[in-house]
Each structure stands twice: as structure tokens, then as C-alpha cells.
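Only one chain is shown below, in C-alpha cells, and it's the form predicted on its own.
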């Protein structure tokens, strides 16, 4: 996977941070729960799994060097007990916890870390996350198949791992917290081969006890887990093949503890307005922005005045109402939970008259014809129709091209095909809570290539240089300044108006009354809708 694909842009992917207060009741050990999902689990291999469903499961079976404090975007050590970064930002030295065991009983050591990273990058693994590790020295040789070992990783002893980067990367610790960096035992991978994802062995809080394909998975507590008192639960049963509406009915009857697929949009208002279930709903702010791209290379969208006019023409509040208030209006590319978000930035106001005046200045007082590409799954066409109606008020006649997701993505990645793309159903969700992940693939020059995700085809080399300089700020005492610098990069890009940021979507779920740990039901900032390690039965 190359840099331009450093993200998985599916809104079905659930990336959320809890906005609930930490539950006041004391965690209780013991008990088991039932979680339902509609779709089968493809794999539990951390090098391969990359959807919102299996990401949570994998997170409970495996550990990496780094992780996040529950309920926050704050990094913490995991299998590493501490780390050091060289002054030039190129060398990361991790010291491992001693005595951590894999589920097969063997102790995890430094060579396992090295092997696991090399396995993820090895093209034979076909990992969608390989590209995240491109800053490690020797990446190109391993990714091309010319080598099997990374020259940038050394293991001086069983509890020390040194990683040498080819260039400073301030997001590297976040990358080491991704599932793709999870540590696996070589002997188990070699035993099961391609089927390792069906027979996972990690160091995580839970271990896989049974898997009846297409029906049920059972996780049991890892009694040897290195964190004292974690997990609280003894067992989790995942029931597969449960249609979301049926799962909610079962939850109402007390037969299910967590409806893994969340609340279907059609039932959202019913549950939000039901006093019984209102208290059982957990909401979270995803690291997500839904946006309308404008191809800056296609006339008349190559005129910044036209793009600014379109920004002022769209009624974002009305669009949020279309999705039953499941989002907040956006005014910049970064979502509010992302470091670098500028809370003082006001963006473009909704002002139809000013939008008309700008079009007049640009020489399009009579408007123009254009197209909006949109995914053909509800509610995306309805949102596109609302945008179409808003644009009509300023004389812009937009034809809607409602297509399958793959066709919309292909159109956006063709420089001469899609004047505008509504990103809904494909909108960017961060892989990790760092602003750099919102730049390169979708607004930077590296993404403005055939097949890329920068559907605005926006390339500002000056801002790209600023982004590179920001990513070189690796020292801990530089992080606040780095976030501010990134915020300025994104608001400067909005001066060029390649996007209309529309909304930042929230995620909602509902759980049974016997569940404790609301702060854990939507905690991890990247892809993890439920942190099973920290929930309990009251």
C-alpha cells in the first residue's frame, strides 16, 4: 500500500472517541457478553484486517509497542515499557516489558517485533497497511521483494528494539499503535500460513477459543495478560449473521449486550427519543469529515472565486437535518477531535447573496453547468440533491451522477472526469489521530495522481513544504507548536477552497442496561468502535 492510500475511506468504518463521562460505577470482574454483527469476519490477522468490525476484535487479541489511553487520543506505551527518540528524530529505541507471553505460552521478545513489522511490509503478506511503515530504512527493498529484512530495525538484546528512519516522522509513534504493528509469533504464522487469520495467536487481553465460520466467535480472558486486572470480562461471544434491526429487537428483550453494527439511521430518532434507551446510547465524535471536492483543474472550478462562491452557497445545517442530526456542520478539513483543529476559524459563511456576487465577479453571473458524483446508497443521493438545490439558488446547474462506490472513486481519481464529488459513504476517516493523515492522501500533491484520493486535484507545493517541515517536528516539546502549524496549513488551504467541508459525523450505538464502561464502548480514536478490554458486566 503506497502513501496515497494511507487511509480507509469508508464511513461504515467506525472511528470514534467517547463523549460520555466516565461511568461512575466500579468495574466488576467476571461475566460474559453477547455482541452481534451482520457480516462475517474476514480475518483476525493484524497485518491484513482493515475494517471497522474486525479492528476491535484484533485489538483485543494482539498488542503493539504503543497504544492509546482509553477514551483519548493520548499515546501510551503498550508492549514497550519506555522509549527514546534521538535528537535528529531518526532513531527510536524501544525497551520491552519482560515476561509478556503469547497465547501459546512463549515469551514475547525483540526478535518478534522485528519479524512482525517485516511480515507486514513483505509483499507476500499483501497487507493493506504496509505503506504506513515507509519511513523505516530498508522499506523499499522489503516492499519490492528484494529483501526480507528491514535494515532499519536492529535488536541489540531480547528486550531492546531500535528503529532507524530515513526521514523524521512526527507521526511514527501513532503508526506503531496501529493494528498493523501488532506483534505475532513467527512459529504460529508459519504453522498456519494463510490461515493464521483464522487461528490468531497474540499477547492480547483475550484469546480466540472457538470460531464457527459464519456463525459465532468466542473470545476468552487471557489469564496471563500483562496488565493486572484487565480484561474484566471472562468471555465474549460474537454472533454473526444478525441483521441490525433484529439485533436491536433482541437487545430490547435483553438477549444481546452490544449491537455491533450500531443503530440503523431509520431507527435513530426512535431510540434517541425513547427515555428507556436514551440513557443506553453512547455517542462519539469520529475523526471524520464529509466534504464536497471541486476539481481545481477543470473550468470553471479552476477559478478560486467560483469555488469560494460554492462554499458560501451550501446550507450545511439543512444537510445535517437530513441525516437526523447525526453530525455537526464543518468549516475546515480537520475534525474537531483532531490535533491542529482551529476552533477559532470561522470558514465561509452561508450567504447566498455573497455567493452570487462572487460568481458575477468571476464572469458567471448566469451560472454554469456541472456534475456532482455521489455514491448510490442512502442517504448519499439525498445529500447530493440538497447540495444540487443549494447550488441552483446561485445559478449553478449540477447534474447528479449516482453510481456504485467503486465507480465514484474511479471517477474522482481521473483528472478529467469528475468536476465535483460528494464524499459521503467514502469520506475520509483518519487512520491515526494526527493531522498529517488528513493532508498527504486527500489534499497533498502526493494524492493528486491517477487513482489517488485527492479528488480536488489540489496541489499547493508551498503548503506541501510546510507539511514536510511540520512532520519533522518530532520532539515532545514541539508538539503543541506542530499542531498549530498543521492548523495553519489546513486553514490556508481553505483560502484556495478546494473543498466544501460539510459535516463531521458522529457515531451512535446502544447497549444493554447491564453493561458498564460507557467510556470504553467508543474509545479508540482509530477504527475501534468498542474496546472490549475495558468494559464489564454490572
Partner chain sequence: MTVLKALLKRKTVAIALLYILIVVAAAIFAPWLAPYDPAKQFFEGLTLEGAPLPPNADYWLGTDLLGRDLLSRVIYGAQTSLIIGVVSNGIAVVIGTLVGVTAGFVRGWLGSVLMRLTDLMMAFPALLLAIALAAILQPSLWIVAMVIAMVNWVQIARVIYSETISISSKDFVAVERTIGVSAPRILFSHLLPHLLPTILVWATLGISTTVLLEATLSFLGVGVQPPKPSWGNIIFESQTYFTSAVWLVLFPGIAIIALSLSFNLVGDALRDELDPTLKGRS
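Predicted, not measured: the structure shown is a model, and the values here were computed from it. Positions refer to the first chain, counted from 1.
This protein has a second form, the form predicted in complex with the partner chain, left out of what is shown; the following refers to that one.
- For the three residues 322, 373 and 407, a heavy atom within 4.5 Å of the partner chain turns up in the predicted complex in every case.
- The partner chain in the predicted complex comes within 4.5 Å of no heavy atom belonging to residue 216.
- Heavy atoms of residue 73 never reach within 4.5 Å of the partner chain in the predicted complex, leaving it off the interface.
- Residue contact check for residue 210: none of its heavy atoms lie within 4.5 Å of the partner chain in the predicted complex.
- Using a 4.5 angstroms threshold between heavy atoms, residue 110 stays clear of the partner chain in the predicted complex.
- For the partner chain in the predicted complex, the listed stretch (335-343, 381-389, 167-175, 219-227) containing residues with heavy atoms inside 4.5 Å is 381-389.
- Of the candidates 402, 460, 188, 160, 402 is the one whose heavy atoms come within 4.5 Å of the partner chain in the predicted complex; the others do not.
- Residue in contact with the partner chain in the predicted complex (any heavy atom within 4.5 Å), chosen from 265, 254, 156, 349: 265.
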